[in-house]
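Subsequent text provides structure tokens for two forms of one protein chain, presented individually as structure 1 and structure 2.
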Structure 1
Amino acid sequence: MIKDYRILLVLAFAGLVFFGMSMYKALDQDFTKHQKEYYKLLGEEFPGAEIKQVNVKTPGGGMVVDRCQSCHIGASNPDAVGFEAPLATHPPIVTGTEKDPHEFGKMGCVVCHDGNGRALDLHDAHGEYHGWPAPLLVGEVAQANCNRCHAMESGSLAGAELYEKGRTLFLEKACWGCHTIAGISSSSQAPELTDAGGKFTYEYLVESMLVPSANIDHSKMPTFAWIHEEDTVSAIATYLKGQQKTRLRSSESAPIGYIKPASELARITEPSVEAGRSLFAGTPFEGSVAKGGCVNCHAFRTSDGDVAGGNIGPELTWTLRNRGRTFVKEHIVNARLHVADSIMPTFKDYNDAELESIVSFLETLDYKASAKLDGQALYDTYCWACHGENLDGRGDVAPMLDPLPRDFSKYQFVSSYETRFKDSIRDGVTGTAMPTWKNILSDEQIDTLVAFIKEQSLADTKTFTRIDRALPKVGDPERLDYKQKGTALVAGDPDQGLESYQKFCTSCHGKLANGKGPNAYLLEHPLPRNLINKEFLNQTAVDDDRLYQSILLGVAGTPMPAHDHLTDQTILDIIAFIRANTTEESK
């Protein structure tokens, strides 16, 4: 028995020693070490360790506890310049001012740098651990937080140059055409970024721009060519990080009632080619920032044939001549009027003079290629960027197009549909990005192109013949299982059609019939057709005959399977269902 007591006693003593050691360690935290070092460097006597804390009020009546200066003890001391981190004097925030207007003794550090102000351990304080919503903002990126106190919506604030460069880029690089930031833009085809800084870390924002697909599968956010310029990306990310709905600033808490000059965005009131050129290029017009940026996505050729611009959308050298002013204006304001799944931004903020200016600029693009080009040269000039070098429909411009350009390397496709190609090239395929060429290419040139496409696809030695069947007529005997007896066909019934559609088609074409079913992205190129794309379905070329053929026999050279197990009546019902969704009267 006695022996056991002794063991307990020893254990209790050991426990006490461990506890004491950990208490001692807790007291002698990093900040103590830093503070000792600091006074040593100053040549002063160490007055004893002290937690330096600032409490900053937030508009909601809350309090931010800021203990950063427990380690960063010399931030406000001009004599600590040149000390090692974290003891040094704070570098100038507003260069050119004699004494920085910001008093760290009152506002602390978190208000500009984020991090976890309560923590006293290095990694915790800097917020560099998983789950902390606001990791440290280092260097100029801290400008994201200037608008917690200063009104930054317009005008300029000394010391916030990176932030302001970001805002300018947001306008110049066409981001505004897809994303809303309250007070800046009003488009709704992409997530609103009014609270981007509240929701996302700086790193997430940078990544979303560098590799949009990193966080979202099948991202419709374009990857821009300039995106690898580090300055540019950090400027936009800093600007976006600064977009926060809940800021310290409020009518009472704004420390300086900072009043800014009115917005300096250029609005064009007199149309001109020059104004159009600035909007297209996203360059300042008459000295002030303009909302623009077509050139980030669209290339064009000068009269000498030099190509400049991005390859996210089609080259626009020929567009105005092919499409005319009205189509182009409509497309700028709302591309989805013409192409249901277009990712082209919605530039509905433009006024008439601005639209007119852009169109007038496009009109100046008058490059003419030689009339005597052979098939390959014609293809390389006009078609290559979308349909690709190997005619596989994977040109540089293809990734952001929906539907994708045709894959002509598939012999089955070319051999089955060659007869319609000439019309498709002349008039375009309505409802898709396939442009019209009627005013640029002669019939002879179009024939040359069709022959070229055919010849290239023959490289694939497989043979394939599609046996078409005529669209059955009401009253015809229904095509049934061979054992069953035929009954006469009646006009297609959309409700019956919906039922059959749900049974056989939703896996690929989706519940909404928009081509985005659960299997859509598992298929190889191309995606299932968007069956509520009115523009596509209402063109003359896409008549009931074509729908019947495509459903019964599948689309050769694509994943659209044959459905020859369905009766004619079922197919007519499905066609009626598709038509009911896409007639002009339907919503």
Structure 2
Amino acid sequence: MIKDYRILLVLAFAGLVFFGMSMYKALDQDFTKHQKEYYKLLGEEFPGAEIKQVNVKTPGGGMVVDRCQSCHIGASNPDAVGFEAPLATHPPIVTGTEKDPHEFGKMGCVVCHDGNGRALDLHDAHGEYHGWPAPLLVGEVAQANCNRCHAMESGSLAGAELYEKGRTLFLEKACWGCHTIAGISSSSQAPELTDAGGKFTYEYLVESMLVPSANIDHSKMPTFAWIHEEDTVSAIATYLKGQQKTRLRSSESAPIGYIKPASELARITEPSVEAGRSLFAGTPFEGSVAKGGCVNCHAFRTSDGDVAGGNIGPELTWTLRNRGRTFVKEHIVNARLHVADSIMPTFKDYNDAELESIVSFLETLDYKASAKLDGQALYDTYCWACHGENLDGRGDVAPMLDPLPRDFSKYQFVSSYETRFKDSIRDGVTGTAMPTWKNILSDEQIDTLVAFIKEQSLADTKTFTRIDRALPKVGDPERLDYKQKGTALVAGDPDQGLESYQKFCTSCHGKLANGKGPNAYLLEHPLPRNLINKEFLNQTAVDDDRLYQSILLGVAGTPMPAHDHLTDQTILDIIAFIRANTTEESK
């Protein structure tokens, strides 16, 4: 029995020691040291350590627990202005007012700055450990969280200048054209950002703009020229961080209260060139921000020939003369109406007056190059941006085009399709980004351009002669009837064609026949053709004879191989399957 009491005595003593150590550690925490220093600076007696906690109600009956002022003890005390952090007075959020409306004793710090309000350790409280969804926001970036209490969809809010700048830039830089934010835009071209701030950290949003593929491997978001402007990136990221579905907007839960928006975005009701110029440039129209920003992707030339704008989409200097008003309007509203694989956003939010204004502005782009340009100069003026300096289809704007521009550096392609070049330049290639140039270039200039391309591609004197094989007709003998049994061809069967297509074509052209098969992006340029692009497949130049030769003989200078192992009947069936999906009746 005595031994049992001794064991209990030892355990009790050990427990007392551990309890004392834990109490000492609690009393010796950072916040205790800060509070001692704070009262020493005030010249007052230290009343004892205290965990200062603020509770903020959230919608649904939840609670934000905020213990930040256990360390930031002087946040609300004007006498602590000259103290060092974290003891100093919080600077006014709204400057120029007699009294800042924000009461930190009521709202705490986490509502604005994020972090982990329950923690008392510096590292934990600032959310500086892996996996914490809301690391501390410092400085102006904390304006992202003004959105939690204030309605900031439009109008302005004192003290939230960086956030307001970010919203303006979101419109000016045409981010709205791809990304949806509820109440601002409705595009579905790219990930929705209505809850971007609730899902992602500020650092994640910045990184996604600087390196679009950093977080999404196959991101098609361009690398814009403005990513080198630190202030622009910071403002947009702050605005996006403010997009959070969970907010504190009610008289009961919001420490500051709900403030009604002061104004709406500007909408143009009367078309004009000036309105179109503002929309194109993404600048305010008549003092208000309007949705625009074409210039962030597209370049244009002044009447003096100076180039301005972005290098992400095709230059628009000649667009109205190449495409016409109807095409341009339809393309803005739905880029995939005529170009099935266009990556251009769908600007369906524009009204008729805004569309007319943009087109009217584009009509003012009247630059005309000299009619005496040689082949090199013609190529540099009209072709270089898409087809590249080396004629390899890798120009500055090529990454954003689908299908990619033709590669003219392959002598096999140039030797085989020289005649087609002239038609493609003069009449364009329907269903692709290649426009018609017959309204800009004369026949003589087109001949000069074709001669230049041929000369550059065949500079090493290599030539290539393509076999000419005519499309067989119904009743003709089968090409592979090696037993001479007289097998005769019949009209192509779409159902049989589908079966054959699935066997021989899907690895490159995809099961949907859209050119996005599993091997497509492993091939050299150009990528497989989209076989459900009705605009392309229904043009006169793409007849059954061309399809037959492309399947049977391959396409010279491209990864498309010859399929001469297939019977003519199989090829006719595949052509019938393609036509069944691309005829006017199938629309």
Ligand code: HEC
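Here, residue number means position along structure 1's sequence, counting from 1. Rigid core here is just the name for the largest C-alpha set that superposes within 1.5 Å across the two forms. This is a predicted model, so every value here is computed, not measured.
Comparing the two isolated chains, structure 2 is the one taken from the form predicted alone; structure 1 is not. Superposed on the core, the two forms differ at residue 474: its CA moves 2 Å or more between the two structures.
When two forms of a protein are overlaid on their rigid core, residues whose CA moves 2 Å or more are considered shifted, and residue 493 is one of them between the two structures. For residue 525, the Cα coordinates differ by 2 angstroms or more between the two structures after the core has been superposed. After superposing on the rigid core, the C-alpha of residue 9 is displaced by 11.0 Å between the two structures.
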